[in-house]
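Only one chain is given next, in C-alpha cells, and it is the form predicted on its own.
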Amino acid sequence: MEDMKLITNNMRNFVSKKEMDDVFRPMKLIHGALKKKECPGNDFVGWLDLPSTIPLALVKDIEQTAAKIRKQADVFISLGIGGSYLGAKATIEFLKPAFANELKSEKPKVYFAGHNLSADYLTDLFAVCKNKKVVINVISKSGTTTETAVVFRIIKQYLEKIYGKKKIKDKIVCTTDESRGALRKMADEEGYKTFIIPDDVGGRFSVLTPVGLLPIAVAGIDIRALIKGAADFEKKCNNVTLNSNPAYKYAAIRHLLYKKGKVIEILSSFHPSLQYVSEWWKQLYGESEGKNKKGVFPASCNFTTDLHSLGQIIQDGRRNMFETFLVVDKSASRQSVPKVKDNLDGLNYLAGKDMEFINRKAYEATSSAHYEGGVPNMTIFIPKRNPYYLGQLFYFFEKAVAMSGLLLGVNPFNQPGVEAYKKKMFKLLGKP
C-alpha cells in the first residue's frame, strides 16, 4: 500500500544539503534519547509506541461501546477542549461526508461541545437535541477543566430533566484519569461507563487513545484502520536516516528555516475536509514548540478559498514565513465542467475537465508562485481520504514535532504557558 509522501523540491535555494547533514548530527542523538525515553518530558512519551502497543481488548471495548451508542442514540455529544476534541473532530470532518449531520441516514448525529463558553452555542445545541435520544461522552483527565466542566454540569442537568436522575446512567460515558480527579470520583459514584486517559500521553497526542477513538468509532469510522496506519508509520519513523524518515526530514527543514528567520509556518490545504486536521496540527505544534520565547507560529489556510483573502500577503508580504501544503492525491468524487453554448463566463476552455484536475492545477500554480515570491514550501501528499492514511498523517506530525521541539531546546510535552490565562480568569471570576 502506498504511503503518504513529503515532497521538498521547493526548498531549493533555501535549505542546502550541507545544512541538512549538519543538523542531522544532533538529530541522531535526539532520536536515541526519544527511543530510550530519556528526553525532557519523558514521562509524556507514551504516544511514541502507542499505535503498535494498544491492547486489542481496549479496541474491542471501544467498538462495542460505540456500537451500543449508535444503536440507542439519535444524537451523540462529545464534550472536551483542546486535545480532548480536536483529534476526533479532525478525523470525522476528514472522513465523513461534508454535510453528514444533514443526512437522514446518519445516526447518530455527532456534535461537539465543552470547547467554548458560549451560551448561544449551547442553546442552539439543545434545540438540535429536542425530542432526540441523547448520549454524551465527557472527556477530561481532571474533571475540572473550566469550559468542559461548566458545559457538562449544564448538559447533565438537561439530561436529568428529560430522563430523570436515576435513568441517565446509560446516557453518559466518561473518559478520564484511572484513579484520580473529580470526573473519576463522579463516574465511580454514579456508575458511568468509563475509559482511561493514559498517564503518559498528553492531550494533544491523545487522538489514538479512547479520547479520540470512542467519538471516532461512534461516527462509524474504522478505528482499526486508523491505528494500523499510525502503527505502520511508527515503524517508518523509527528509521534514523533523513531520506527514509519523512517526519525527521520535515523537522530538519523546519528547524533550518526557523534559524533563518522563517518564524511562521502556514499549513495550506486544498480540500475543505482538511480544515480541522489543520486545527489539530495548530494545537500540536503551538503547545509543543512555543516556549522560552521560541517556536514557529503555526497558521493555516484553506485554499483556494483563502487565496482570495490571504493570498496577497503570502505572495508579497514579509518574508518571515514558509508553507506546507496538504494535498489529497485522489478524490473520491468526480464533477466535470459542462460546455454551454453562450459561454458568457468564458469557461468553455475547461469544458469536460474534472474539478479535481482544476484544483490540482491551482495547487501547482500556488506552490510555484509562492516559491518564486520567496516563500519556501513543501507538500505532503495523502493518497486518499481513508482512516489508514489519516493514521499515518497523525503519527508523522507527532513524531516530527517531538524532534522539532527537542532541536529547539524546549520540552515539547508540557504547556506551562496555558496556565497564565486560567489564573487571571479564576481571579476575575472570584474562584476561592
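Source: prediction; values computed, not measured. Residues carry their position along the shown sequence, with the first being 1.
Although it is not shown, the form predicted in complex with 5-phosphoarabinonic acid (PA5) is what the next lines describe.
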Checklist outcome for this item: Only one of 104-112, 289-297, 80-88, 335-343 has residues with a heavy atom within 4.5 Å of 5-phosphoarabinonic acid (PA5) in the predicted bound form, and that stretch is 80-88
Item to check | Listed residue (G203, P246, G212, G229) with a non-hydrogen atom within 4.5 angstroms of 5-phosphoarabinonic acid (PA5) in the predicted bound form | outcome: G203
Next on the checklist: Under a 4.5 angstroms heavy atom criterion, identify the one residue in N359, S331, Q275, S142 near 5-phosphoarabinonic acid (PA5) in the predicted bound form.
Outcome noted: S142
Checklist entry - Is N302 close enough to touch 5-phosphoarabinonic acid (PA5) in the predicted bound form, meaning at least one heavy atom pair within 4.5 Å? => result no
Item to check | Close approach of N411 to 5-phosphoarabinonic acid (PA5) in the predicted bound form, 4.5 Å, heavy atom | outcome: no
Checklist entry - Does any heavy atom of T324 come within 4.5 Å of a heavy atom of 5-phosphoarabinonic acid (PA5) in the predicted bound form? => result no
Checklist entry - If you check in the predicted bound form, is Q415 within 4.5 Å of 5-phosphoarabinonic acid (PA5), heavy atoms only? => result yes
Checklist entry - Considering only 210-226, what residues come within 4.5 Å of 5-phosphoarabinonic acid (PA5) in the predicted bound form, judged by heavy atoms? => result none
